[in-house]
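Presented below, as C-alpha cells, is a lone chain in the form predicted alone.
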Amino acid sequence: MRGSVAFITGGARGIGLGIARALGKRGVKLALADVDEPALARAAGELAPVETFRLDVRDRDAFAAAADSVERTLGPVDLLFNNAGIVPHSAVEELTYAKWDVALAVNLTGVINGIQTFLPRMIERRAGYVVNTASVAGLVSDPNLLYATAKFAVVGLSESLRLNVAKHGIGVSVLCPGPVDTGIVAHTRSLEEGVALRDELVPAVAAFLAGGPGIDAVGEMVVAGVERRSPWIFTGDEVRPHLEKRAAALLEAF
C-alpha cells in the first residue's frame, strides 16, 4: 500500500477516520472528504500531510473537482472508500418523499457518485480498489425502513460491481459494520434534522452502538479485508445468527 493514494468520503470522523489512520500507518497518501469542516481541520492536523475537501457526496460536480485536484497533487486514486453516510429514521406513518430523497441521496446515490467519479479512471489504468460502506442492516433488515433500503442496495451494488470489474484488475469489498460508536446519530441530526432519530430512541441506539469496537480497530479490520480482497468486511459477529436464520428462511421458501 505504501505510496498509493486513498480517497475517503466521511473521512474526517468515525469509521472514515479510523480507515485513514490505518492507511496512514502504511504510508498511503490520504485525501479526506467530509461535510464537517472543523472535523476535517482536526484530521488534517493529526494525519498531516493530507489533502482535505469539503464535500457533500450528493454534489457530483464537487466530486469531479475533488478527483481532479487529488490527481494533480497526490496522483491517481488507487483506493476509494465510499464511506459517508447518515442514519435516517422515520415512522412509517410519517414517511414523505422528502425523507426518502434525503436517505437515498446520501446513503446510496453518494456511493454511486463516488463510483462513477473514480471508476472510469481506474478502468483506464486497469488497477484500483473500492470499498463501499453498507451495514449489517443491508444483510438482515431491521425496522428502520429508510436505512435498510439504502444499505441493502449498497450491498447488492457492491456484489454486482465486483463481478463486473474483476476483469479490469479492480477489487471491491462491501463493509458491513455492526455497532460502532461513530457519533453518526448526532451527525445525522446536524446534517438533516428532518430524518433524525426521535429523541426518545436516541439513548437506546447510543447504548447499542457503544457496545462495538472503536474506530481505530475498525480501520484495521477494513485494511485487513482489503489485503485479503474479501467480498464482505465485518466488524463483529453479532449479525451471524440473524443471517443464518434469514438464509434458512429463504431456502425454506423454495
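The first residue of the sequence shown is number 1, and the count goes up from there. Note that the structure is predicted; figures quoted are calculated from it, not measured.
The same protein has a further form, the form predicted in complex with a small molecule, not shown here; the description that follows concerns it.
Of the listed positions (Ser173, Asn113, Ser90, Thr182), a single one reaches within 4.5 angstroms of the small molecule by any non-hydrogen atom in the model of the complex, namely Thr182. Site annotation in the model of the complex: the residue of Val131, Val106, Val155, Met122 reaching within 4.5 Å of the small molecule with a heavy atom is Val106. In the model of the complex, Ile86 approaches the small molecule with a heavy atom inside 4.5 Å. With a 4.5 Å cutoff on heavy atoms, Arg60 does not count as touching the small molecule in the model of the complex; it lies far away.
Heavy atoms of Ala217 never reach within 4.5 Å of the small molecule in the model of the complex, leaving it off the interface. When the small molecule is considered in the model of the complex, Val35 lines it closely, a heavy atom lying within 4.5 Å. Residue heavy atoms within 4.5 Å of the small molecule in the model of the complex occur in exactly one stretch of 5-13, 242-250, 21-29, 226-234, and that stretch is 5-13.
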